[in-house]
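First comes one chain, alone, set out as structure tokens in the form predicted alone.
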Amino acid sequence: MATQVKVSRRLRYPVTVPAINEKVTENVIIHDPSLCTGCMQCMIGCAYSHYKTYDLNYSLLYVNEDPAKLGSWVNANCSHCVSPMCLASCPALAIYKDDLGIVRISALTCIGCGICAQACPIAIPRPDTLKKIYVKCDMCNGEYPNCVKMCSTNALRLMHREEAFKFVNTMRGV
């Protein structure tokens, strides 16, 4: 029987990181590759949530087969970092943290240069070719993320940041 994680339906407030005084989201999306089947329902949910399409090219997260372990899947989604490299690198100052600690890209000020995607360690921001700007995960505007809702195997989970850190360390055997 799978363990159930109780999470809020809405992000409530940012968490302040000690010694840095930086605000980050209280919850993050965590991927458990041992449960992932590569069905890509998370990508479909994301694409539909943001673009009202089932086209995987519009997803703001990525699921790829792990080249080191065939038959295993890895997921890349925005962690809404404590000190986001995308935010630090943006020449147009289009990337900011909102009052919930969610890292966002302003469609009004983004110039579409792509430096944010180059600066991100996992290249999360992607171009929106119609709008000629870059876009990324916005945690479904603070609602319960659609990618997590669509994951039938519970491989994607919304967890409190501290609990997620412990979970990832356990997964890595640290």
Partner chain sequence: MGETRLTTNSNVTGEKYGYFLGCVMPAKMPWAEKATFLVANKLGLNWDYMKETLCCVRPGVWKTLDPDTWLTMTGQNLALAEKQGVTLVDSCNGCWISHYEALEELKDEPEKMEMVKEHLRKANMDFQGTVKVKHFLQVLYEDVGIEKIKANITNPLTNVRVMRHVGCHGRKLGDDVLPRYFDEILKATGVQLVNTPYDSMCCGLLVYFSDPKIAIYRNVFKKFKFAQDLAVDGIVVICSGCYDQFDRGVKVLQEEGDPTGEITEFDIPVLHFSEILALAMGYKPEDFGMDVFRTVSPTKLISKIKEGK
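Keep in mind the model is a prediction, meaning the values are calculated, not measured. Residue numbers count along the first chain shown, from 1.
Beyond what is shown, the protein has a form predicted in complex with its partner chain; the following relates to that form.
Although the partner is absent here, residue 126 is not a contact residue: none of its heavy atoms lies within 4.5 angstroms of its partner chain in the model of the complex. Among residues of the shown chain, residue 56 is one whose heavy atoms approach its partner chain to within 4.5 Å in the model of the complex. Contact annotation for residue 70: at least one heavy atom lies within 4.5 Å of its partner chain in the model of the complex.
Within 4.5 Å of some heavy atom of its partner chain in the model of the complex lies at least one heavy atom of residue 39. Proximity to its partner chain in the model of the complex, taken as a non-hydrogen atom within 4.5 angstroms, holds for one residue of 135, 44, 117, 113, which is 44. Proximity to its partner chain in the model of the complex, taken as heavy atoms within 4.5 Å, picks out 31 to 39 from the listed stretches 31 to 39, 135 to 143, 117 to 125, 103 to 111.
Although its partner chain is not shown here, in the model of the complex the stretch 145 to 160 places heavy atoms of 149, 150, 151, 152, 153, 154 within 4.5 Å of it, in sequence order.
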